[in-house]
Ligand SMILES: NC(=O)c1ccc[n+]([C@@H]2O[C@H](COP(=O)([O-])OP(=O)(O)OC[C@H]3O[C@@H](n4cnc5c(N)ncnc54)[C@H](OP(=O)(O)O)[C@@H]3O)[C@@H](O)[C@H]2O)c1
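Coming up is one lone chain in structure tokens, specifically the form predicted on its own.
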């Protein structure tokens, strides 16, 4: 009987949006360091040149604006041809918008939803035929603590992330029988360049919101650079959990996100118990 070792499985192929900085860059480095293959995308692919130089055999770089549906379809199709498959699709590209709902312009609101909701939707719709045909694959969505419970001044950004989570819940139900998985990552405050680089501010502040949205804006400015979360550690956890094959649907990251999720769950359960007797009266009487 032969004693030769069984051949090792082929490296998985990851597709990642927003790979140039922050969580995206850390995720790209963790994926490649694990020995897997990566199609790294960004609006400015030149920012990814060092990744390709370090991992020339396992990293492909592609320009991608997730808000351009036609470009997304073309890029995802090209990505699937590089190594003949896509195994993990990470929707990471995103941007923030800080301001009370009344303060934010229509243009700002639509731009934020285009990036945080319609962008991931574009990528997901383009990748679904590939993963369905394979009967395997994993969609990962980077959400936010604002989608656990939201803040004054983050109504638009958090609203887009809540919409993304609703999308992911339906996607999970639709593709489970096809062998596909879905995971929502809910990070707390992490020490990335999000506040400095990716957070748009309203240009029409209203005095009545100084103690609510304005106070939250001051908090973000003060915490920048002092956030407790380490994005490199978080990225490694995401990659390890996904590669383990036991990833949950919701993955909170950081003590802040875990505690916030616990408080939200407790509040929801308490409200349901408090109002149950009233709520059930809305049904037709049981014969």
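Residue numbers count along the first chain shown, from 1. Note that the structure is predicted; figures quoted are calculated from it, not measured.
In what follows, reference is made to the form predicted together with the named molecule, a form of this protein that is not presented.
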With the named molecule left out of view, choose which of 142, 79, 160, 89 has a non-hydrogen atom within 4.5 angstroms of it in the model of the complex. 142
Just one of 43, 250, 260, 233 has a heavy atom within 4.5 Å of the named molecule in the model of the complex. Which one? 43
Site check 38, 134 and 137: each within 4.5 Å of the named molecule in the model of the complex by heavy atom: no
With the partner left out of view, is residue 197 within 4.5 angstroms of the named molecule in the model of the complex by any non-hydrogen atom? yes
Would residue 189 count as touching the named molecule in the model of the complex under a 4.5 Å heavy atom rule? yes
In the model of the complex, residue 64 touching the named molecule (heavy atom, 4.5 Å): yes
The named molecule contact at residue 14 in the model of the complex, heavy atom, 4.5 Å: no
Heavy atoms within 4.5 Å of the named molecule in the model of the complex: which of the stretches 90 to 98, 125 to 133, 205 to 213, 166 to 174 has them? 90 to 98
